[in-house]
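The chain below stands alone and is given in structure tokens; this is the form predicted on its own.
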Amino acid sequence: MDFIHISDAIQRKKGKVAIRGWIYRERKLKDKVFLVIRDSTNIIQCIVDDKNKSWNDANKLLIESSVEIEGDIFEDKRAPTGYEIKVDKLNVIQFAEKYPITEDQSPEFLLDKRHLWIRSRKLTAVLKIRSTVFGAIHEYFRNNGFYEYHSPIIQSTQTEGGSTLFEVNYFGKKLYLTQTWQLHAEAGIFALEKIYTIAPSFRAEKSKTSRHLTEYWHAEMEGAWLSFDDVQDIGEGLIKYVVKSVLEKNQEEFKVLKRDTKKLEATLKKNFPRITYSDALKILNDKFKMKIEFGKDLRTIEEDKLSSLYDTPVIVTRYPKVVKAFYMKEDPKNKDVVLGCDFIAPEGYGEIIGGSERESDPKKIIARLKEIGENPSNYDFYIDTRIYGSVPHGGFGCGVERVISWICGLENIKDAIAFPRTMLRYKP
């Protein structure tokens, strides 16, 4: 017989089927062996009785042994997924040794055994949702006329802050892993106008929180002729498109994760609130008695308090210039703030998008670089983009693992990626 996936076998409901996969659970009785088999699509319980030619093999099987099975599928509501297979033929591909992962293991042990733990139903579900998220990002930008564009991972300058740079010994020269595609992307818009990427970014932040990774996937876009409002509109459209896609395609995975998807539906039905940084300070003071001095960046605790007031992402705009990157455009009406914004996810998941209209005046860029202690000559290529045909433009970066964490309702961002990298975690 031709092998089919377990989900397809369940769809058939009855008759002869052939499946293959790995032992997810096993229970041995005197006259029966119950094997729960998993593949990439689902799990199903299989029964081997003591009259089966493979009875001895069935009794030797341990968790994660790989097998091929033929038999009759039938409905049984007591089974984990409501169906069972009475095994006619059992072919063992490999007898696994005793599996090191048992119940009630610590998070650190599971990270040590991540190469095995990604087989768990939870992480399999997350990784399927992750795949949908990445696909949706590509679809959204391509459907809206953006070209995929790539910038170098190894760069000669800082973009987001020198304290979070990873140094690279590049044939004796000190270079850096990219924090963002930002500077090289801005060069690209003068050729392609509307561009996007999904690529790794690296931040050497000495942070041990549940929402930080040192290596993460960055969905970024940049566009010529974009206003500050356009940047916010595109970001809101992206988040809505991603959420719509996972709700359409991943209901089974949400069941595995026990995620209440109703908490995501408001994102599709409502416009995202847009408030200024000054508004945010007033709200924090009025609602939570938190007095934040103007000019201080919003910390995790402030972002979480703000997010508790909304059931959709909230867009905070016009941050103080002193806490934002040098390339953000000053607000023409208030030179103390920039036309920059952060999208704060609901349920305490923090910033998921940061964007701005970009400064188009080369003199202001040079002055800003000097203010932050940078040598403008290191940014000659970037300043050239303003000298030769400067136009209004803007863009944003979206932390994909942050989005996945929120969508899946994860307790820790480490579970939003197959092999997380943090300040303390660099293997496997």
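Position 1 is the first residue in the sequence shown; the rest follow in order. Because the structure is a prediction, the values reported are computed rather than measured.
This next part talks about the form predicted in complex with a small molecule, which is not shown.
When contacts are judged by a 4.5 Å heavy atom cut-off, His393 does not count as touching the small molecule in the predicted bound form. In the predicted bound form, the small molecule lies farther than 4.5 Å from every heavy atom of Arg318. When contacts are judged by a 4.5 Å heavy atom cut-off, Lys194 does not count as touching the small molecule in the predicted bound form. When the small molecule is considered in the predicted bound form, Gly354 lines it closely, a heavy atom lying within 4.5 Å. The three marked residues, Gln179, His218 and Ile413, each reach the small molecule in the predicted bound form, with a heavy atom inside 4.5 Å. Proximity to the small molecule in the predicted bound form, defined as a heavy atom within 4.5 Å, singles out one entry of Leu213, Val126, Ile234, Leu298, which is Leu213. Stretch 201 to 209 is the answer when you ask which of 282 to 290, 201 to 209, 252 to 260, 72 to 80 has residues with heavy atoms within 4.5 Å of the small molecule in the predicted bound form.
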